[in-house]
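The chain that follows stands alone, in the form predicted alone, written as C-alpha cells.
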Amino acid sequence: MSAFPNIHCDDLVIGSGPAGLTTAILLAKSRRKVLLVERGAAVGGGLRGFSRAGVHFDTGFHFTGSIRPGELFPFLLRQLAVDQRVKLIAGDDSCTHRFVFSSAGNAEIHVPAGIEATIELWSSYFPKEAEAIRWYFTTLKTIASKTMGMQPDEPLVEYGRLDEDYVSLKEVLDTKFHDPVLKGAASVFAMCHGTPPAKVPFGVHARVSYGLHQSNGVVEGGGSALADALLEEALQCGVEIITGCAVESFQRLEQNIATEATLSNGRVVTFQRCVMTQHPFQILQLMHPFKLHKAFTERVEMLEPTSGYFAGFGIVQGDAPVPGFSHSIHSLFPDTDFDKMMDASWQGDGPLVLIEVPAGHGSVAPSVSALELSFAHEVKAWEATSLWKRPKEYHAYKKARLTRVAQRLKEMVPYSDRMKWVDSASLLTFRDYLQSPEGSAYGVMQKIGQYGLFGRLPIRNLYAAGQSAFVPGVMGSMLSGFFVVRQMIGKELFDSHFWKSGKG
C-alpha cells in the first residue's frame, strides 16, 4: 500500500514526446485535469538533445518537412499556441537535400524546396521519364489532400484508407519508372519512416515524402527548444507533470476497464481515461492484465521494429568560412536498391546521412550529425548491458565505426578535414536514452496489411498515439495527438475549439 495519497485526474497521458505533449495540452485546453507521466528525467522524449563544447546536438529529432509559412508544421505549432516561442529555420531552398548514389558513378540528385521545383529539376535529370515524374509528385499531393490533417486551414474530413495504402512503394516505382537512379531517388525518404519499399504502402511513403518535398528545416536550438516550448504551454494549461517515473501496471479492472495505475515511485493514480504514447510493445505489456483477444495480442507481437542509426556528432573547426557548408542534408547511398540496403543481411556500407546545422542556431560553431543505417544484430553481443556499463569491446566497436564514417564523409563534403568528432551513439545508446525497443528510429514498420495501435484500444478507456500510430516523425506524432483528442472529446467540441483557420 502506498504511503502517499492517490493522485486523481481526468486523463492520464503516458510519455512526453511530441505526441504526449500535444495530447496533454489539447486535453487541458478542453478543461480536463491532466497528469503527464514521463519515464525519463526530463520532458521531451526523443525531442531532447545534448550539448558538447557549446554546440547543441539532436538525438531523435533532426529535421522536419513542411516548415515554411503556410505549411503544416507552423500550423500545428499555432494550434498549440507555441508558434511565437519556436523559431523555424528552413533549409537551403535550392537544395534542401542532396542524394549521391556511389554504385551509379556517384550520380547526384538534388531536391529543391517545393513540389513544382522538384518536378522541373528531376525532369531535367530524366527527360524520358518527365511524364511519370509529374504523375508521381501529383499523386503525393493528392494523397496528402485526402489524408485527414495534412492540409492546414482545411476542415478535418475523414477519408479513411486509400487505394494507395494497399499497394507497395516498390510496385508503384517498378510500374512507373525505369531508371534505377530515379527509383532510388524516389525511395530515399524510406529512410525517414524506416520501412523498405517492398513492404511500405505507397500511401504511407507519400505522406512522409510530401512534407519533405515541400520544404525542410530545423528548430532553432534543436528539438530541446521545441520540447521547452511545449512544456511551458502544458504547464500554463495546468498539466501536472511527473518525471523520472513510469506507469508499472494498471489496477482496479472493473468490467475490463482500467481505473487506477501504479507508478514506479509507489504512487497510485486514479483516472477516467489514459493515452499511451509509447512503443506498441510497451503498450501491450501494460495491457497484459486485461482479457485481450488473442488476435489483438498476436497482431501487436507481429509488429516489426524499424532499423535504427549509428550516429556521429561533430563540430566544424576554424574561424574561416566552411567551403560547401550550407543548411542542407547530404546522403550517400552505396546502391540504388533500398530493399537491399534496408535489409539486415546487407553486407556493405550502409546509407549515410549528414545533417548540417550552421552556427548561431543554438550553437557556437557549425556542426554535423552523421547517421548511418544500423541493425540490432550489430550490437547483439552487448544487448544485456546498460549505460555506463558497456565493455571495452563495445567501445572499440563504436570507435571503429566512427572512424569508418569519417572516412566516408571525405566522399561527401569538402570540409571533412576540419571535423572534430565529439560523441557517437549506437542503437543501444538510443535504446536506453529514448526508451525505444532495439533502438529503432521510427517505432514499428508501417507495412502493408499491418495495423499499429492508434486511437481507442480494446479497453475502451485506453487510447494509443505516437509515431507508431499514424506516420513517423515529429509531425506524424503531433497529428496523432490531435486525432486521438478529437476522438476522446468528440468531433463537434474539438472542431469548435481547435484546428482554427486563418494564417494568424
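Just so it is clear, the model here is predicted, and its values are computed rather than measured. Residues carry their position along the shown sequence, with the first being 1.
Although it is not shown, the form predicted in complex with a small molecule is what the next lines describe.
The partner is absent here; in the predicted bound form, the one residue of Q282, S331, T139, Q79 having a heavy atom within 4.5 Å of the small molecule is Q282. Of the candidates M148, L303, I115, V247, V247 is the one whose heavy atoms come within 4.5 Å of the small molecule in the predicted bound form; the others do not. Picking from 24-32, 448-456, 49-57, 467-475 the stretch near the small molecule in the predicted bound form, with a 4.5 Å limit on heavy atoms, gives 467-475. For the candidate spot formed by G20, F63 and Q278, every residue has a non-hydrogen atom within 4.5 angstroms of the small molecule in the predicted bound form.
Among heavy atoms of G481, none comes within 4.5 Å of the small molecule in the predicted bound form. When contacts are judged by a 4.5 Å heavy atom cut-off, F202 does not count as touching the small molecule in the predicted bound form. Proximity of R68 to the small molecule in the predicted bound form falls outside the 4.5 Å heavy atom cutoff. In the predicted bound form, the small molecule lies within 4.5 Å of some heavy atom of E38.
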